[in-house]
Structure formats: C-alpha cells, structure tokens
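One chain comes next, on its own, written out as structure tokens in the form predicted on its own.
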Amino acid sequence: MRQFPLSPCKGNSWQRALEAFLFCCLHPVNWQTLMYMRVRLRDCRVGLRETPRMSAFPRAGDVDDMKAEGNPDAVTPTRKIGLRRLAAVGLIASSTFSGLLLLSGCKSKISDRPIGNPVAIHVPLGLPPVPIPPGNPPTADSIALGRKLFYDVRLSKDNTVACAFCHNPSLGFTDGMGISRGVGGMMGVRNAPTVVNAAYLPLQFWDGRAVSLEEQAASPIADPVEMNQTHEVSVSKLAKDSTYKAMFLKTFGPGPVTIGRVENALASFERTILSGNSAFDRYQFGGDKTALTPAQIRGLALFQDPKRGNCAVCHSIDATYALFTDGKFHNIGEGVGDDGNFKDIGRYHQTKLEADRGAFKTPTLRNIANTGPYMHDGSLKTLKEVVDFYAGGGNSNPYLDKEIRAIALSGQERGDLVEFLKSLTGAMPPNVGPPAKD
C-alpha cells in the first residue's frame, strides 16, 4: 500500500476540510486514498459541522497537552465523515480540480517511457555495449517509430527537411557539405557531424550543448536555420496522421503525441546506427593479421606512437574496443584567423571558460573516409589535408591544446596514416536506411 506522509493537524474544521479537498485533488481517488483520509481525520478527531459557522478548534499541541492530562475528549467531533461521503467529496474535488487545470492550461505528466519489452542492441566487433538511459529502454516499436521519424520531412516547417537531410546514410550519415543547410537553403554555422556511433558520446553537438541523444534529437526541429518548426506544430502534424497515432499508442501506451515521446523514439533509433567490424577491428580485435595492408599497419603504429603521430591520445583505442574519440573538447587551432581570434568560439559558448575558447568535441574517426569534408567548419576537404594540418602543429593561439605540436613526417608516413584511416570504414546495420513505403 502506498504510504502518504502525515503532517500536523492545524487550523479549524473548515481549514482541515480544505486540506482534505486538496488532497483529493492531488491524488488518485481510490480505496488507498480514501482510507488514508479517513484515518487522517480520525487521528485528528475532526468533525465537520453542518452549520456553516466557523468554529474554533484547539491547536494540535494543545490537544496533545490535554490528552496528556487525562482528558480524552479534548476535541469532540459532532459528526464523523463516512467512507461513502468521503468518496463523493473526493470525486467532486478531483473533477473540479481537473476542470481548473484544463482552464488554466496545465496538464498532467504523460509518461515518455516505452511500454514494450526492451530489446538488446547488437554491437559489432570493435565496439563496447551501448549505454542505455534507464528512462528510455529501446524496444522494437520505439526503434521502428524513431526510424520513421528520422526520415520524415514533416518535422520541418516547409516539409522538405528531415533528420536524414543532414545525416544521409549514403554519405556516412553526414550531408557531404562543408556547412550544413536548412529549410529554404538557409546556411547553418557548422559542419554536420556523423550520427554513426553517437550513442557512445557523453555530450552531443560540436560544442556539447546537449547531454543526451534524447535532448539532441529535438533541437534541430525547432532551430530557425535547420528545420524551423516549433515542437507544438510538429506534434500537431504527427497527431493528425492515423499511422503515427497507432505507432505512438503501441510504443508508449495511451496518451497524446508529445515531443518527449518523439525525442525518445528518435534517440532509440539513433542508438542502433553503429559501425564496427572494419578491417582495423578484424586485425586488432579479431585476430586476423591479414586484414590490414602493410601501409595500414605502419599507419597504425604511427597513429599510436606518442612520440610520432600521437593521434590516439584523443582518438582513443582501448584494449577490447575502439571509439576513436575521447568525447572531450580540444583546441587544435582550426578556425583561428590571422588576428588570433576565432570565427567560432566553440565550447566556450556553453561553459564561458577561457580555456574552452576555440575548443570542439573530438569526432569519431569511424567511417572517416566517407564523412568529408572535415573539421567543425568543413574547411579541410581530404584526409591528406587533415594529416598535413596536424603534422604542421595546427594553428598557434593562446588556448592551443598541449598535445598539438609539429610532427616531422615523411611523405610516405603521411600516406600510411591516410591508408590506416581508410581501414576504419566498417559495416552498417541493415535496418537504418529509409523505412519501406507503406
């Protein structure tokens, strides 16, 4: 049985009646609630008089003192409230309060948690288990719903832009552009990062402004230069579609379509967009020493050598898996002008810490050969340009990461690094493309 907190009985009978009224309003009217209220009134020895005149009652402390002095009739009720009458009061109170809530525009909390049986997300060779938030376990229905939403242009103001517009599966879940564009061809401010393996990132977006995939999922919908549609309009569009209504009901149970449910479905689908089992994975974790070419093996050695490439200090490789990102933010000097100022101050937008000026999240290198152009501003077009940039020590500025320094690499060594990066292209799961037409 649910336990309700007891508070001291204070005030006169009508004040206590008001307390009982509010209690009915704020709790479901069931036998547990009614029994609690009856005990509550009995313990306080409260009686409601039939006359509307206010009648004074002793304070709770005075009652206790009189009982301690042997007076059992410290408070004498004129009429006790029966369970049936209490139920009637509760039902009336609940109905009245619900009406007030509707008139005031308030609404009760709708659960955004999927109701189906959780399913395991298959993890390919080279990746760790996918972290799952306790409030949004993936189900077959939530993943299917999220997949449909991911490719639906109705989430944008002019019905032309879907999530997949900037995260196209044929382009490594990026858009192939230096700077992304939104509705009406509006120019964004940054390069679209890949969604591949985003499930492992502790923070989302280049500047880390979203703490989860759920929070990230709905942000572009309302962004004025991306999809430019309020969440209210998006939810309204979906709620008018009979197919969506059935899918939301099956996924989340009774209740309206909400932006929280949209976020959870999209995030569950995005957690399935995983890539591993690359040539590197088969070599490093699968024991297949023929999986890499000689050039790629040399590139791997340079990549991990702290005195040479030193790439793995940020693009991490662990003993049993490799995310190729530390999930942190670093200033590598990209985007600094001749005057020493940054066109985009990156992480500083969120933290306001001087050390974060010009710092951006370390991107994963998985499928990197398919996700150019590179950097947060899309300024580097090829992998060779990326390697040359790092070999040159980035661009000097007061906030340059301490791990960024000039590296003496020969032409062959730079080529070996590029070949190694190509070995990180892995297989994609079969059910992450556009869903079949109904």
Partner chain sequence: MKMNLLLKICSAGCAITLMAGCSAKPKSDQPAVPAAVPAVTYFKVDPATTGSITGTIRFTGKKPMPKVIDMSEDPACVEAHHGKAFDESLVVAKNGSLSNAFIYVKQGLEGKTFEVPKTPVTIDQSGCWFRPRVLGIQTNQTLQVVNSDPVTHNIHPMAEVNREWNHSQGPGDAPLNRRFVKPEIMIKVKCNIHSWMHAFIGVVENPYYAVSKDDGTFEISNLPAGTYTVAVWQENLGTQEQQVTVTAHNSTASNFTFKGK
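Being a predicted model, the structure only gives us computed values, none of them experimental. Numbering follows the first chain given and starts at 1.
Unshown form predicted in complex with the partner chain; subsequent notes refer to it.
The closest non-hydrogen atom of A391 lies within 4.5 Å of the partner chain in the predicted bound form. Although the partner is absent here, V336 is a contact residue: one of its heavy atoms lies within 4.5 angstroms of the partner chain in the predicted bound form. In the predicted bound form, the partner chain lies farther than 4.5 Å from every heavy atom of N370. In the predicted bound form, E403 stays away from the partner chain, with no heavy atom inside 4.5 Å. Screening 247-255, 231-239, 282-290, 337-345 for residues having heavy atoms within 4.5 Å of the partner chain in the predicted bound form returns a single hit, 337-345. Contacts to the partner chain in the predicted bound form (heavy atom within 4.5 Å) from stretch 191-223: none.
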